[in-house]
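Shown next as structure tokens: one chain only, the form predicted on its own.
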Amino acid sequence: MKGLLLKDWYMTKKYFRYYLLVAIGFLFLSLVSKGNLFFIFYPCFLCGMIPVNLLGYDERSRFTEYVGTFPYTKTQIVSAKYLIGLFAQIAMLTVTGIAQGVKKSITHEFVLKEFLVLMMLLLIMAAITSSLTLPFIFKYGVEKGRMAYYVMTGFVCAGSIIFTKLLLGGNQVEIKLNAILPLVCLVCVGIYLLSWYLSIVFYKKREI
């Protein structure tokens, strides 16, 4: 599977360099804006869509058919996409966390509890965007499964608005939100693993 990961890494560097520029732009906007979580969430959403776009390139170049000549199982093919997305998400979460932590420290607004809430929200958003999209792509293909991409775009926008209002809506709401966030994070991790499993099952049944 190392070869699959290297192939996807080389394709990511070649075709998704502009993602890095967009992510840097949104990261800068998140540092200068106040209270708008969309600027923080969107880079994680972009990273979650990298596997989807890699699958699109694979289909257009007929790699999905050509890969059958290699000694890779369908489980490995699916896992490579999930792993490359996971690596990208972890990297973006780390960079975003450091940037937000430095910003809060400079402005003397750093509160550990609020910082942990933000990071858990980012983890939830990162896990959900990939989890709900990839099974449809592996089952129906990129073109037929593209609707899931648009649904997730709307989810990110709606989630940003909802979470922003909740976090700025008063201490009572914030305390309740903090109480359930760790549980929600665990559920989202479970959904991600379930999504991984379902994608493998769907892809094994799909005729290429």
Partner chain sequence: MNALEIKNVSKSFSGFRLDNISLTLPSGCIMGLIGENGAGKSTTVKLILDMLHKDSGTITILGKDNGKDISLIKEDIGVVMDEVGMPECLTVKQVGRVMKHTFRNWNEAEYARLLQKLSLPDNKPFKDFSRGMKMKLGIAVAMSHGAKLLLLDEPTSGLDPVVRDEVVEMFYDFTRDENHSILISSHIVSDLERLCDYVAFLHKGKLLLCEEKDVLLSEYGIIHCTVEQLSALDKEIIKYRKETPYGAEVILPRKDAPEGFKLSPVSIEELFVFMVKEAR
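Residue numbers count along the first chain shown, from 1. Computed from a predicted structure; not experimentally measured.
Keep in mind the form predicted in complex with its partner chain is missing from the figure; the text below concerns it.
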Candidate stretches 24-32, 60-68, 135-143, 40-48 - the one whose heavy atoms come within 4.5 Å of its partner chain in the model of the complex: 60-68
Exercise: Thr73 in contact with its partner chain in the model of the complex, heavy atom 4.5 Å: yes
Distance check, Met11 to its partner chain in the model of the complex, heavy atom within 4.5 Å: yes
Residue contact check: Tyr15 to its partner chain in the model of the complex, 4.5 Å heavy atom: yes
